[in-house]
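Just the one chain here, laid out as structure tokens, in the form predicted on its own.
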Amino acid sequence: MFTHAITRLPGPNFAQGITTADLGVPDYDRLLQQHATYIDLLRSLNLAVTVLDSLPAYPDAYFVEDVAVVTPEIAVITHPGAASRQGEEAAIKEPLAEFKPTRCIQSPGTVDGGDVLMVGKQFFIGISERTNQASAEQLGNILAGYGYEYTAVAVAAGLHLKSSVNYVGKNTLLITAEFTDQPAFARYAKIILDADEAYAANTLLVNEHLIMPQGFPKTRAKLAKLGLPISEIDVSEVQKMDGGLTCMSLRF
């Protein structure tokens, strides 16, 4: 069970961040409202939430999951794959060090937390435009010291691995069609997303409660069969910036 989360406020220049989405001009005030709703929901699920100040020099810094991988035993500070985000990781070390011992990924390794999926003692590390093989090996070796195993998974579609695959409890993955035949995921039951609801792959499991983006009724109906409580929240402005629910917090 998670007891804590770390989030970071979006800055007023958040729209200068990296995005490939073509969903219109994002609205700052609306993003702040959505971010506050997200924090309130985490708190309602019994998480103590630390809210860090925005980082004006890094418009993507509110996607705080990308700068660390946190386990019950250790926090691994990443080295982000986008040059414009390199430096964000320095600002997460001190907040995480209050809770966990820390280690750091070293260059030439690059890794975004959005490419790292933890399922029990198993890690899946996506090899993507942001995360390279060198970082996967570094991260895997660090985690092995705490009894974890890891598997590298090629990410051919989507920004991050967790743009397409997430664990939703009960030995089940919520997954896009492109990843259903991936051998690394053969041991899990799968809920396969309809192509027009692929964004809903980024659904977050917190303390046996599912948080999913608003507006994906077919996905909600499929998830309902798991018998877990489900909350939908509006993340329209986050989606415009290629972000999702998992990337706005570090949970531990």
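In this text the structure is predicted, and so the values were computed from the model without any measurement. Residue numbers run from 1 along the displayed sequence.
A second form of this protein, the form predicted together with a small molecule, is not displayed here; the remarks below concern that form.
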- Exactly one stretch in 71-79, 119-127, 175-183, 156-164 has heavy atoms within 4.5 Å of the small molecule in the predicted complex; which is it? 156-164
- May I ask you to check whether V235 falls inside a 4.5 Å heavy atom distance of the small molecule in the predicted complex? no
- Message: Please tell me whether any heavy atom belonging to I6 falls inside 4.5 Å of a heavy atom of the small molecule, as the geometry stands in the predicted complex.
- Response: no
- Task: Although the small molecule is absent from this view, report whether L250 comes within 4.5 Å of it in the predicted complex, heavy atoms only.
- Result: no
- Task: Spell out, yes or no, whether the shortest heavy atom distance between I18 and the small molecule in the predicted complex is within 4.5 Å.
- Result: yes
